[in-house]
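Just one chain follows, in the form predicted alone, and it is written as structure tokens.
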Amino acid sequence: MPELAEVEYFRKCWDSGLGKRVTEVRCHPAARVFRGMKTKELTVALTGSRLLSSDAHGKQMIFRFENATLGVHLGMTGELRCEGYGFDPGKHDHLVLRQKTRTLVFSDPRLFGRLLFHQGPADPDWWTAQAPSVLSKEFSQATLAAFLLRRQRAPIKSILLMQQAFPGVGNWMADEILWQARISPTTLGGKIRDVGALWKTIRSVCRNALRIIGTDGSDPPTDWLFSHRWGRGGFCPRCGLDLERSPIGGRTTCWCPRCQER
């Protein structure tokens, strides 16, 4: 599932359309990504409207047009692309916004993503009500310590996946944070010895992931856990020991039993 950095990368894929008008809207009204939305209103509002700006926050994106706001949640398999003007949409391309020289496409083969639509000048509640970014001033060491205290009996891996405190942090980023912080994913929230070090690592991993993946979709450095955690096998890039994998909090978790000894 796309996480904070991948979401930022996909947001930028539509940047070439900023300042340009939508000449045509094509969509699959029955697709589940439009659930709860009146696609006819979306089509009318976006046709002829100029794309003004965009932002990403956590796992969600917002695209502001002159007449409306479009929200995008990629789910597991969603993606945004920019194609040529004459692009012929495929069956998984559920929203197509044509401009004079390009086509902005939202595709989602498994339909776990979602599109949101809002008319009006102000940002909608589904955008403004999100938790503060882990890179913001609101996400302080004290905030993190208080959150861990309220969930002191939950494993730290499960805690890091809670979007109400760590928006955009998903499975691989949580594993990366814990590996770099040398914390076992099974450690309980109330047993974290150095909250300050964990706070710094959360911000460091997220900042660097945005800088690397969020810029052009590149993979992180090979000395990160990221490059070694996928599939079976793999070894710790720090000590060389075989990595372990086990479900924690309902998600397959990867860690080094030596570097992250409980």
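This is a predicted model, so every value here is computed, not measured. Residue indices: 1-based, along the sequence shown.
What follows is about the form predicted in complex with the DNA, which we do not show.
Heavy atoms of every residue among Arg32, Ala154 and Gln163 are located within 4.5 Å of the DNA in the model of the complex. The contact residue chosen from Ser133, Thr143, Asn171, Ser107 relative to the DNA in the model of the complex is Asn171, the criterion being a non-hydrogen atom within 4.5 angstroms. Interface residue among Gly75, Gly71, Pro124, Pro89 relative to the DNA in the model of the complex, by the heavy atom within 4.5 Å criterion: Gly75. Within this chain, Phe117 is remote from the site of the DNA in the model of the complex, having no heavy atom within 4.5 Å. Looking at Ser16, you'd find every heavy atom of it more than 4.5 angstroms from the DNA in the model of the complex. Heavy atoms of Arg251 reach within 4.5 Å of the DNA in the model of the complex, making it an interface residue. Although the partner is absent here, Leu111 lies within 4.5 Å of the DNA in the model of the complex, judged by heavy atoms. You can rule out all but one of 75-83, 96-104, 135-143, 176-184: in the model of the complex, only 75-83 has residues with a heavy atom within 4.5 Å of the DNA.
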